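Here you get one chain, nothing else, as structure tokens; it is the form predicted alone.
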């Protein structure tokens, strides 16, 4: 084992951060690009089922164990009439979709998505249009999806072939409403009032739902965090979460700086948490607003390509980032950041799921495959259920262009009492050196080593294609575990999953 660089960590079962909400590992499908048409839905494909859903894509999604998927947007929802996407397909109108300047044929809508989600063992996180529409459309939609029977909208759903309600319990009140790119952009006061009154009406239809209010579109917005504070000040009693959106890229090809960007994500989370708690104190409320990080990912590869796409097509190849190995490392560190903030981040959605900045890629009438970022997302989703523990970690640090004192090792710990397992997630950001991790596990007497899963590659720019999976996990078994002490090498620039189980 390489002992030139070393990180030490104390893991104690009493250092609990929070129980992890399973919705932490959610994702997102927008009626955008080939996310739906050619992604999850392609009736002409040889792998399509009776509903037109691609079976190969569904299997890849099921393997991820995605607990909840946000739909239908995204920017698209701010101009979307949900009624266009229900009922007989031959009667559905084609519309200009203004957010991404395409044609929306409405062959896939609310009922199709609810059915697809059921087939991949996921719940639905539904967004309502608060750009061009508002209270009336939202209350009608939730009556359509959630009310059993005996009313106009619930009986219309039954006429459309869905006798039982979809019972969607998590709802987004619009999307990025402070963004000048948004159809129906609103000031914080305008949005706060509309969110409050829309939420009030929706909870009268179904009191058991949870509502997510829009925060600032990202941390760099000039409206942040005042937009969040004003929105919550107005709508505090009606909403349960506030949303965060953030994407990162490596435009300057500075890997060391790029891999440090989860520090920005952590600061963003703490700033929004502070804003929520300030409004809680201002209202002298006993209610805590938690966070829904319902858009997060790497996104920068496709920016120039998209400028060349002709407008007004159906399902053009928009936002199709081809991810490389270093992207997977940052996604791993972002997942670790979310897990370490599980006390306040209860919902998170990797944006998006298929083709559009997604871990899964497809060819129209062709193959489906796993991008590099698929693997850290899958590992976190499968092995990250349970209680998040706070690691006491001491690791060597470095400075980059935008960040100081960046730990070479990121880590999150998950204890699962039902399965008697302990999982250590760790990213080694060092570009040339492996790091010896020494962990004090005396609190976990009787635990033995199961496996060490590693995602690494000598080429940081390596990508996966339909015909060749260059970046994929492997297993190592060089571990020392005795007298409550774990010693294990983290290879250079690697994502690591170290699993232990009580005998």
Ligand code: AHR
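Every value quoted in this text rests on a predicted model; they were computed, and no experiment measured them. Positions refer to the first chain, counted from 1.
A second form of this protein, the form predicted together with this ligand, is not displayed here; the remarks below concern that form.
| message | I have 170, 240 and 290 flagged as a candidate spot, so tell me whether each of them has a non-hydrogen atom within 4.5 Å of this ligand in the predicted bound form. | response | No residue of the spot touches this ligand in the predicted bound form.
| For the chain shown here without its partner, which stretch in 58 to 66, 26 to 34, 440 to 448, 453 to 461 has non-hydrogen atoms within 4.5 angstroms of this ligand in the predicted bound form? | Selected stretch: 26 to 34.
| Partner contact for residue 75 in the predicted bound form: this ligand, 4.5 angstroms, heavy atom | Residue 75: contacts this ligand in the predicted bound form.
| Can you check whether residue 100 is within 4.5 Å of this ligand in the predicted bound form, heavy atom basis? | The answer is yes: residue 100 has a heavy atom within 4.5 Å of this ligand.
| query | Does this ligand get within 4.5 angstroms of any non-hydrogen atom of residue 224 in the predicted bound form? | reply | No, no contact at 4.5 Å.
| task | Report yes if any heavy atom of residue 299 sits within 4.5 Å of a heavy atom of this ligand in the predicted bound form; otherwise report no. | result | Within the cut-off, so yes.
| field | One residue of 340, 245, 261, 186 in contact with this ligand, assessed in the predicted bound form (non-hydrogen atom, 4.5 angstroms) | value | Answer to the contact question: 245.
| request: Counting non-hydrogen atoms within 4.5 angstroms of this ligand in the predicted bound form, say which of 395, 336, 319, 114 makes the cut. | output: So the residue touching this ligand in the predicted bound form, by this definition, is 319.
| Any residue of 165 to 183 that, in the predicted bound form, places a heavy atom within 4.5 Å of this ligand | Result: 175, 176, 181.
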